[in-house]
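Presented as structure tokens, the chain that follows is alone, the form predicted alone.
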Amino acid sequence: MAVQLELSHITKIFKKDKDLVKAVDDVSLTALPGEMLTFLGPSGCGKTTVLRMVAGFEIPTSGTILIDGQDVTNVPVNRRDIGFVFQNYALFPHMSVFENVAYGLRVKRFSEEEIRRKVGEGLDLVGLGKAEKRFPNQLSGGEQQRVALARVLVLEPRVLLMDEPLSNLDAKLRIHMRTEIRRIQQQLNVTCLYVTHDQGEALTMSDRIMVMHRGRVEQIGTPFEIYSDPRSLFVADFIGQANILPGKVLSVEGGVLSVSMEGRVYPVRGVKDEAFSPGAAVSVVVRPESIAPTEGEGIAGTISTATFLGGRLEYEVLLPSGQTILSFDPYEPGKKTWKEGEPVRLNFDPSSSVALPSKQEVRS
């Protein structure tokens, strides 16, 4: 039965040389039973440290960790009933696939009959039912990752933790494996925390995403919420690609702002939980797929680059202000295309954009 995981005001401070470094700063979250919750953020943001505290490899400086209501903050690793899939598969090279998967079961003193049954079921689950006699050096990277996953799953952990498990695979295999991991996680209905810096993995695999920056939580939400309704400029800039246009609020009515941008006025949604007033400076987030060059009305610009990618054209458009706007325009036979150096107008649907307070940090 899937369990709920709760982190309450978790903080972790490390001593580095003579300085104290706050690697994780007051993180709280609830992972629902059977949920895949992904920690996303740049290197050094604290996501792996949070995962290691949940596993028990690190003890929080302050805060509590609850699994199904039980406080496990100071419980040893081997008593938490947690499975951890590492970035480097950590397989025993001298052991067969069968023995690698059976290792944890033998440590827990399962009978030989139970071991054979569980290993068989685990290898079947990850699609390696006929590979039990092979050795790690006879497997591809993807197959080794499957063995590492099976070794954890046969122990039937209450919570599954995965730390950048696909980072050592090539791009095509990563796409395949993320689909497989998601399928297995849903089939077993196990609560899973997944760490990655890859936006594609986070958006396609997750029930919810927690975006982290400098040890703090920037936003938690579904992939759609994170992408379409970023709560900060950091999230907007980190998830996908975003054009961030400076503007000035002229008026506010029912959560919709009248914003002056590049000499034109647009109605734009204000980010939730923020109070805007006339005269305030804002940054309007417009996704590249929501803005397109046109011969009609819109923001004036000049095509600086035009790249054909089969299903779409990618344009970089230089504005009079000196800012460059990125536009993804779906390709259709017979549709007008633009060449470098041509003057254009940029048109976008204001309902697909969002305004944020301008004095926020964008990722470095």
Partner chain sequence: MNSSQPTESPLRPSLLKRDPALIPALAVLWISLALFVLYPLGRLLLVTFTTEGQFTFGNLASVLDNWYDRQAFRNSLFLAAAVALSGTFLGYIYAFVVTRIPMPSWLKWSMSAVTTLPLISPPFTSSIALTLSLGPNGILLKLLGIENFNFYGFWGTWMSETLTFFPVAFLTLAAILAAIDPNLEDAGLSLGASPRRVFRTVTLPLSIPGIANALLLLFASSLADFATPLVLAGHSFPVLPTQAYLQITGLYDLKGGASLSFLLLLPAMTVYLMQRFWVGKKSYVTVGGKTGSRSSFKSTGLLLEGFALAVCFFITAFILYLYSIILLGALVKVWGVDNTLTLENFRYVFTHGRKAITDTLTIAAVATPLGGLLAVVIGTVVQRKKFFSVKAMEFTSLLNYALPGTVVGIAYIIAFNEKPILLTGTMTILVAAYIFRYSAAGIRSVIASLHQIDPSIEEASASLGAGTARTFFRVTVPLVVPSVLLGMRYLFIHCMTAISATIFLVSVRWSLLTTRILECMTELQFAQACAFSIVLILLVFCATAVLTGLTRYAARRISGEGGRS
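Residue numbers count along the first chain shown, from 1. Just so you know, these numbers come straight off a predicted model, no measurement behind them.
Just so you know, the form predicted together with its partner chain exists too; it's not on screen, but the next bit is about it.
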item: Any non-hydrogen atom of residue 84 within 4.5 angstroms of its partner chain in the predicted complex; value: yes
item: Close approach of residue 59 to its partner chain in the predicted complex, 4.5 Å, heavy atom; value: yes
item: 4.5 angstroms heavy atom contact with its partner chain in the predicted complex for residue 116; value: no
item: Distance check, residue 179 to its partner chain in the predicted complex, heavy atom within 4.5 Å; value: no
item: Candidate spot 214, 231 and 338, all three touching its partner chain in the predicted complex (heavy atom, 4.5 Å); value: no
item: Interface stretch in the predicted complex with its partner chain - options 259 to 267, 185 to 193, 98 to 106, 245 to 253, non-hydrogen atom within 4.5 Å; value: 98 to 106
item: Listed residue that, although its partner chain is not shown, lies within 4.5 Å of it in the predicted complex (heavy atoms), from 275, 171, 90, 281; value: 90
item: Sequence-ordered list of residues in 130 to 147 near its partner chain in the predicted complex, where near means a heavy atom within 4.5 Å; value: 135, 137, 138, 139
